[in-house]
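This document starts with two versions of one protein chain, written out as structure tokens and named structure 1 and structure 2.
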Structure 1
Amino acid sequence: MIKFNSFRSVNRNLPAISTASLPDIVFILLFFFMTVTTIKEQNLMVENTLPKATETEKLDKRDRIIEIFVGNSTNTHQSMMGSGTRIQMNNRFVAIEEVGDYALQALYQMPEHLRKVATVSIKADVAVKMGIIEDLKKELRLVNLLKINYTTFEGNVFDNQMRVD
């Protein structure tokens, strides 16, 4: 017969856990989150459910992108601006005739070496009519901003029709 008591009699007092490295770990985590976290640049004032597309390509360099959001105003802004499709640039609603001016302002805020490679990114809600997008493109064409990108999610295109209905 085996005696198990002999195993229990072994002194199992563990040494206390050293907390000397705990401040180092906390600072490493703090620096990690400080370097990885980005500050939200724009508050979205329009509904923005992006459509899906099969052929997508990611824009890597965000410093050369001028963003234009198109969609119905959110519930919080409908009391001020009413319902209907709105265009948002730099945390403000913009009329279609003002898009060119605001796009040029955004362009001239970029460093000079990035102005030639700037891209206008249209982030239109899936329910936005194409006529508004065409008018937007005309305004951008007038100020010679011809490099336009449509921001989408990757997915089945036929899901867009189901969301509009």
Structure 2
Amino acid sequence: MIKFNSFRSVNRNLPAISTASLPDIVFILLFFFMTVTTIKEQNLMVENTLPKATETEKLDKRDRIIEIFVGNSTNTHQSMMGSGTRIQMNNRFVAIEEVGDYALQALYQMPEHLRKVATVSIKADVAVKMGIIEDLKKELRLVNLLKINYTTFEGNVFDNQMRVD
């Protein structure tokens, strides 16, 4: 009995568990996220689920890339722009005829030595039809931006064929 009592008293005085390592763990998580992610430069205003492809090449040098998003406008933006396929560049909707101008603007913001290696990354949604892509390519040809990249997710192309209509 006595032994048992003394055991209990020891138990009651257990020190609080130290939480000092918790910040360290969180900081490790934080640094992990800081290294693998990039800050969002654009707010997506269009639907943007990319198709899949396997024979891809990496676009890891972000400084020479001009991004063009194509897709149906998202619900929040439909009220002012209406639905339908839209083109987004630099956080705004762009009409097809203006694509060239905006692309050139983006090009001239780049440092001189990068201009000749500038790549246009076309980020088009899976629901997009080829008509708008062709118009886009025609506009890019007019301003002589010939290096393009159909940006995709990594994945099997045979998953692409499901029609969304």
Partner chain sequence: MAKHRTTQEVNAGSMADIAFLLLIFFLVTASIETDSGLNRMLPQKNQEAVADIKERNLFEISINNADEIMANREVIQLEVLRKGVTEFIDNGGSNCEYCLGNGTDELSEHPGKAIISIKTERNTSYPVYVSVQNEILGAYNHLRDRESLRLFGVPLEEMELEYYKEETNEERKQLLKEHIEVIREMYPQKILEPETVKN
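Throughout, rigid core stands for the largest set of C-alpha atoms superposing within 1.5 Å between the two forms. Along the sequence of structure 1, residues get numbers from 1 upward. Please read all numbers here as calculations on a predicted model, not as lab measurements.
*Asks:* Pick one: which is the form predicted in complex with the partner chain?
*Replies:* The form predicted in complex with the partner chain is shown as structure 2.
*Asks:* After the core is matched up, is the C-alpha of N144 off by 2 Å or more between structures 1 and 2?
*Replies:* No, shifts by less than 2 Å.
*Asks:* After superposition on the rigid core, what is the displacement of the C-alpha atom of T19 between structures 1 and 2, in Å?
*Replies:* Its C-alpha position differs by 10.9 Å.
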